[in-house]
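Shown next as structure tokens: one chain only, the form predicted alone.
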Amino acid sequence: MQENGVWRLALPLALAQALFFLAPLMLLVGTSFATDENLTQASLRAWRDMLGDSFNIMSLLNTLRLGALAVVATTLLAVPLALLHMAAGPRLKRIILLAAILPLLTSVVVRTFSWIVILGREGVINSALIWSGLATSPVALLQTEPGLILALTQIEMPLMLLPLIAATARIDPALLDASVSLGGSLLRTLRRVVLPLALPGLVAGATLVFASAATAFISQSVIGGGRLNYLPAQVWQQAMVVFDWPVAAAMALTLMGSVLMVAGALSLLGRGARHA
């Protein structure tokens, strides 16, 4: 009876998943095997166009590289902040946590367009570079990959920082004291005690940041512009401009499968590191 009760509680979620995720996914798979936008016949034409075109493959590789660079950038900033949160007092912890949550309260569209002002030729960064003498003329940041990575680092930072804070908050301070009392230096304690225990949060954050950055159509389009070549923009172009729905479906499935494979690889890497 108890098991039947659990299944009854899970049934609404299962029905919602089937209705709003599995059914559209199956329609997307079916569309990718259609001959044309009329969906009258089946063929592999869309998959040949997707996987046989070097431009589309380069778009996929650029998208995966963008996600990886966003993970690296957010990790370099989030790890020190998580360590500071772990060692800070109650008031500073609340400030760090508020700073981590605050970007989530703002629309990603608003944050993306604000980066246009920051990265523009007369924006904050160029003004600071010219004022400090590091540059004599405005530096091109908009419609460049470094500018896009800089914006994505701020936009995706909460997805990396919050799991890290949650993981480091569960570390028993007695373990740190034991490491120090046994002669371990601060760096060795961080490397052998803190980071392994915080690894689940790091893997979770890396997975979230990678998936979000690789599929960030708005940020890629607004900040990257037409000069940068990423797969989400190609999906939109095939669906809304060319109206080639089978190719758009094949591209979307390729992107989803690639992101899922990277997420699975990160999960396996985290498990292997914890068991090492």
Partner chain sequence: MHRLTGADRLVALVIIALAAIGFLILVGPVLIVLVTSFTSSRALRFPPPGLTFRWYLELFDPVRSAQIHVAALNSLLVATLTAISATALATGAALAVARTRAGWARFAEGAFLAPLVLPGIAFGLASLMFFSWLHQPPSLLLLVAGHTMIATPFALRTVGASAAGMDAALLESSAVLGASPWRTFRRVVLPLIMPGVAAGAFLSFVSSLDNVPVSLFLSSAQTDMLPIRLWGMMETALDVRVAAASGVLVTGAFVLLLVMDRAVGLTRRMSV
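Positions refer to the first chain, counted from 1. It should be emphasised that the depicted structure is a prediction, and the values quoted were computed from it without experimental measurement. Each form is matched to the other, and the largest set of C-alpha atoms that superpose within 1.5 Å is called the rigid core.
If you look for the form predicted together with its partner chain, you will not find it shown, but the lines that follow are about it.
Its partner chain contact at Thr106 in the predicted bound form, heavy atom, 4.5 Å: Contact with its partner chain, yes.
Its partner chain contact at Met50 in the predicted bound form, heavy atom, 4.5 Å: No, Met50 sits far enough from its partner chain in the predicted bound form that none of its heavy atoms falls within 4.5 Å.
is_contact(Ala23, its partner chain) in the predicted bound form, heavy atom dist at most 4.5 Å: So Ala23 counts as contacting its partner chain.
Its partner chain contact at Leu66 in the predicted bound form, heavy atom, 4.5 Å: Close contact is absent here: in the predicted bound form, Leu66 is far from its partner chain, nothing within 4.5 Å, heavy atoms only.
Partner-contacting position among Leu199, Ala135, Ala166, Val72 - heavy atom within 4.5 Å of its partner chain in the predicted bound form: It is Ala166 that has a heavy atom within 4.5 Å of the partner.
The single option of Ala178, Ile130, Ala88, Ile95 touching its partner chain in the predicted bound form, heavy atom within 4.5 Å: For this set of options, the contacting one is Ile95.
Residues in 211 to 232 close to its partner chain in the predicted bound form, defined by a heavy atom within 4.5 Å, in order: Residues within 4.5 Å: Thr215, Phe217, Ile218, Ser221, Val222, Pro232.
CA of Gly257, rigid core aligned, shift of 2 Å or more between the shown form and the other one: Where the cores coincide, Gly257 shows only a C-alpha shift between the shown form and the other one that is less than 2 Å.
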